[in-house]
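Just one chain is shown here, as structure tokens, and it is the form predicted on its own.
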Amino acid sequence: MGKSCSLWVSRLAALLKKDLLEEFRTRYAINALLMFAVTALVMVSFAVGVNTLSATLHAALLWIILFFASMSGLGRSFVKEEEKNTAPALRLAAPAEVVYVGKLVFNFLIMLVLAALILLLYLFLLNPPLGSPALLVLVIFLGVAGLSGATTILAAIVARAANQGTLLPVLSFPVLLPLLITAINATRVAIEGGGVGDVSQGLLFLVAYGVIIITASLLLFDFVWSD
């Protein structure tokens, strides 16, 4: 049992190391995410000007940028394996659950770093009121976890399709809509200065959403990956 667990962890670490080294060499996902985020934030900043936005609008804009930024970068996690013809070797080298968890952790780390940068840029350019910074960070962390879990399995589904770039957002939006609505509402409360008790149901939903989507993905990934 211990040897099997050790082998599982070593394969996961090897896959994660491969993806991180490849990303540091090419910087494709980071550059795609960052370029979209910066462009969107600058355009929104110029459009808003000196006008004051409501907390609801600030929250919606932040999560719209996070959603589309993730679509522009995280979808490449499986597409690049198909384009470089490394997917068959990856299927032989590691079990399906290792591949999913490895890609999930990679996407989560990339998205978490970019979410922090996007938040800082948003605060700098649009200067929204920030009543509860700790709550805002918690909401973004939980939202990014669910976002990464759903995007990873959907990226695997569309990896061999002809139009991956347009198909991923179309498939992702209905799946992520409950998460986005809840995250927007919780972010609004954080901006207005509310506490954890004011959004306890929303936070529980974000945790449950992440657990359910990741568990379901683990159960289904073998069929998606091996097909």
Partner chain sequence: MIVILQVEQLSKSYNRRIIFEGISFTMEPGDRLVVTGPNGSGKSTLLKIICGLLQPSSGTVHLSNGSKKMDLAERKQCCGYASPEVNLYDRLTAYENLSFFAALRGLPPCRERMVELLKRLQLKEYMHQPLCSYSSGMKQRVKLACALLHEPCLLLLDEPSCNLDEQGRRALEELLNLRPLHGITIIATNETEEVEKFGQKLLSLGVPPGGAA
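Quick caveat: nothing in here was measured; it's all calculated off a predicted structure. Numbering follows the first chain given and starts at 1.
Keep in mind that the form predicted in complex with the partner chain is not shown, yet the notes after this line are about it.
**Student:** Looking at 139-147, 68-76, 116-124, 90-98, which stretch has residues with any non-hydrogen atom within 4.5 Å of the partner chain in the predicted complex?
**Tutor:** Selected range: 90-98.
**Student:** Looking at the partner-bound form in the predicted complex, is Leu15 within 4.5 Å of the partner chain by any heavy atom?
**Tutor:** Heavy-atom contact with the partner chain at 4.5 Å: present for Leu15.
**Student:** Closest heavy atom of Leu219 to the partner chain in the predicted complex, within 4.5 Å or not?
**Tutor:** No, Leu219 sits far enough from the partner chain in the predicted complex that none of its heavy atoms falls within 4.5 Å.
**Student:** Taking the partner chain as it sits in the predicted complex, is Ala208 in contact with it (heavy atom to heavy atom, 4.5 Å or less)?
**Tutor:** Heavy-atom contact with the partner chain at 4.5 Å: absent for Ala208.
**Student:** Can Leu7 be called a contact residue for the partner chain in the predicted complex at 4.5 Å between heavy atoms?
**Tutor:** Yes - in the predicted complex, heavy atoms of Leu7 and the partner chain come within 4.5 Å of each other.
**Student:** Go through 137-158 residue by residue and record those having a heavy atom within 4.5 Å of the partner chain in the predicted complex; state none if no residue qualifies.
**Tutor:** The stretch 137-158, when checked against the partner chain in the predicted complex, contributes no residue at the 4.5 Å heavy-atom cut-off.
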